[in-house]
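First, one chain by itself: the form predicted on its own, in structure tokens.
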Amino acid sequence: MLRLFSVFLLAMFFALPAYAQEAEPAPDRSATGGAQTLEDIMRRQQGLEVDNSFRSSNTGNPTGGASPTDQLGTLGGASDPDLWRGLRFDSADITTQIQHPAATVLIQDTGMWWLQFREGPLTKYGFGLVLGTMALLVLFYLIRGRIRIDGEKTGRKILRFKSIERFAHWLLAGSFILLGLTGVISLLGRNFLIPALGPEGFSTIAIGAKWVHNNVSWAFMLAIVMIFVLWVVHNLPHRSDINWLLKGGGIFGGGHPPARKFNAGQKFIFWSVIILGGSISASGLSLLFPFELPMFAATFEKLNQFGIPQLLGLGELNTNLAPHTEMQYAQLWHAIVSFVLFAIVIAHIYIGSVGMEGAYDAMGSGEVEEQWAREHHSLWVEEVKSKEAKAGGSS
């Protein structure tokens, strides 16, 4: 289910231009005897989709070759262009002593599309999303200011999160920040660090960043499992969430709507971390074990069966993906979802630190001011007080 959700969003993000079959009439190739036309060449130079079905199977016919004993006879029915087409479209009969899924793929021609998307739209819109989110938060702070505790502080504390819960939270937060920093180095380090530090200096940093990224990823995945087990019961939908959303969480005035241990906004953060973080982990595992955990071809097949790409106007997605193409999709998806989650987490960090008075104590010491708890999580406070009263009565 997670894999289907992930690749469905992937199709929504960049419409899979290299693999969506365009609903256009086939060009007239009668003037070229069935060979590619000037229009085909121009479209390819512009990076547009070209229908290669007219020549992808034109890889020669060994049984049709003239006998080599005949005058001017050939050694077979395949010419050099036939051979190169077979290599390009991965239909040549390749044998190798190397036992590796990608060993027999000698030509993989989607690499330029991947590189151009990685250095173009991915970088532009990814960092635009993160920087735009930060700018909006600064603007919000200047307009709204810090959300203060309205009532008089009581001086009494309520235990909000136990030690194990805080450990899981900070393990997740710390690992995610490290992964984000090292991921940016891997994504853009060549463009920005080589001019500043030189190739050798960048090499040292890149090797270290890769080592940190690969190993800290396990802490990130462990933390996701921990917070899911610890908090999933508190993040299930509740009727109080509707009222909280209608009142905007009380951020824009009008009092504080009642909420349980986690309000609707926090539940959105929780499920974003679980779903998007799980998707990042899945694509990350595919990258950690190259060519061993392909995800996209099988998922594309399922999506085609459900008719989702056709509904979005993409046509049927190609399910015959080279191992390298699988890795390219995994890398792009890994980065795209990371940017989205990073933007969400930035908003979470703002609210939990400078944006709201008393909020940091929940994950700092684990105890919060009782007045703060009554204002932001009144239903949860009632549950806590009720349990304390029962415990006191029974003793």
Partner chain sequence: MREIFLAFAAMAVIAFGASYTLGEMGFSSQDQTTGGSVRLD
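Residue numbers count along the first chain shown, from 1. Not measured: the values here are computed from a predicted model. For clarity, a rigid core is taken as the largest C-alpha set superposing within 1.5 Å between two forms.
Below: the form predicted in complex with the partner chain, not depicted.
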Could you tell me if all three of G174, L222 and Y360 have a heavy atom no more than 4.5 Å from the partner chain in the predicted complex?
yes
Is the gap between R146 and the partner chain in the predicted complex 4.5 Å or less for some heavy atom pair?
no
If you check in the predicted complex, is R166 within 4.5 Å of the partner chain, heavy atoms only?
yes
Is there a heavy atom of N215 lying 4.5 Å or less from a heavy atom of the partner chain in the predicted complex?
yes
Looking at the partner-bound form in the predicted complex, is E301 within 4.5 Å of the partner chain by any heavy atom?
no
Of the listed stretches (360-368, 347-355, 334-342, 49-57), which one has a non-hydrogen atom within 4.5 Å of the partner chain in the predicted complex?
360-368
From F306, F289, Y141, F192: within 4.5 Å of the partner chain in the predicted complex by heavy atoms is F289
Judged by heavy atom distances of 4.5 Å or less, which residues of 105-130 approach the partner chain in the predicted complex?
none
Threshold 2 Å Cα movement between this form and the one not shown at H100, rigid core reference:
yes
